[in-house]
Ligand SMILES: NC(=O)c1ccc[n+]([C@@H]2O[C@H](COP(=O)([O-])OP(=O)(O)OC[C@H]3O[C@@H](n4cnc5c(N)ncnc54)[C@H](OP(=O)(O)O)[C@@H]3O)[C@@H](O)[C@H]2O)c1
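Below sits a lone chain in structure tokens, taken as the form predicted on its own.
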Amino acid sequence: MNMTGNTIFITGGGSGIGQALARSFHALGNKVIIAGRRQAPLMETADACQGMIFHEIDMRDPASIERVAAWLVKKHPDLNVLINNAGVMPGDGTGARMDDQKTLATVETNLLGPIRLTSALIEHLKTRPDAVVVNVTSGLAFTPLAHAAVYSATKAALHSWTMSLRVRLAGTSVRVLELAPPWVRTGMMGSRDEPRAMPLDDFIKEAMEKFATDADEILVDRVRALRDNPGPNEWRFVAQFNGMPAQ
């Protein structure tokens, strides 16, 4: 994708990977608009980057998504890049009775939110040259983590939907990319100081280098084992990854 001259809308831009992507694209001279549920981190992020814009959005609320999409088209008609990054990763009780509200929140935020927002903006994006939709999935889309099974399933579904979207938009001005992070040191699941996770700065540096290529999948080296997992030994790999003896 083009790395400069864009107008970029990033959901979940007030913290973690979304915030780091926003800062990196802003530093390259792009116009960056960040969005999320909580105003305070959005404002703090935007205040530190002159010219960055923020807007609140609730990715679980279709009406909120439609309002923000209409605002973007009206106020920022040069918008040409959408980065669907917002996500939640609660642990869950798969294998026992589950918390339905937690399950619903995960599915609505991680899967329905990106689908709805892309749907609301896609006709506008088709009018823009060099338009891009980036869906942020996870290495867990390919190798699930059992204690975050619903999260893993939403990312697998988003990966599948991304591939279909790419097919449907072939021949238009819109490219469809997938960014699949490994375990990264962010506030998600208390990983900010986790030594086994990839440092956020290292991840962003490598990801930005790959964004500048023609790749459809933005994969840093540390996620490739998870991405390449499906195959004859899939169960054995998943079992070992989750700390279980492979049968």
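Residue numbers run from 1 along the displayed sequence. Keep in mind the model is a prediction, meaning the values are calculated, not measured.
The same protein also has a form predicted together with the named molecule, omitted here; what follows describes it.
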*Where does the named molecule sit in the model of the complex: which of 206 to 214, 24 to 32, 59 to 67, 46 to 54, heavy atoms within 4.5 Å?*
59 to 67
*Tell me, out of Asn80, Ser138, Thr162, Thr106, which residue has a non-hydrogen atom within 4.5 angstroms of the named molecule in the model of the complex.*
Ser138
*Tyr151: touches the named molecule in the model of the complex, heavy atom cutoff 4.5 angstroms*: yes
_Quick check on Val88: any heavy atom within 4.5 Å of the named molecule in the model of the complex?_
yes
*Using heavy atoms and a 4.5 Å limit, would one call Met188 a contact residue for the named molecule in the model of the complex?*
yes
*With a 4.5 Å heavy atom cut-off, would you call Ser15 a contact of the named molecule in the model of the complex?*
yes
_Heavy atom within 4.5 Å of the named molecule in the model of the complex: which residues of 22 to 54 meet that condition, in order?_
Gly36, Arg37, Arg38
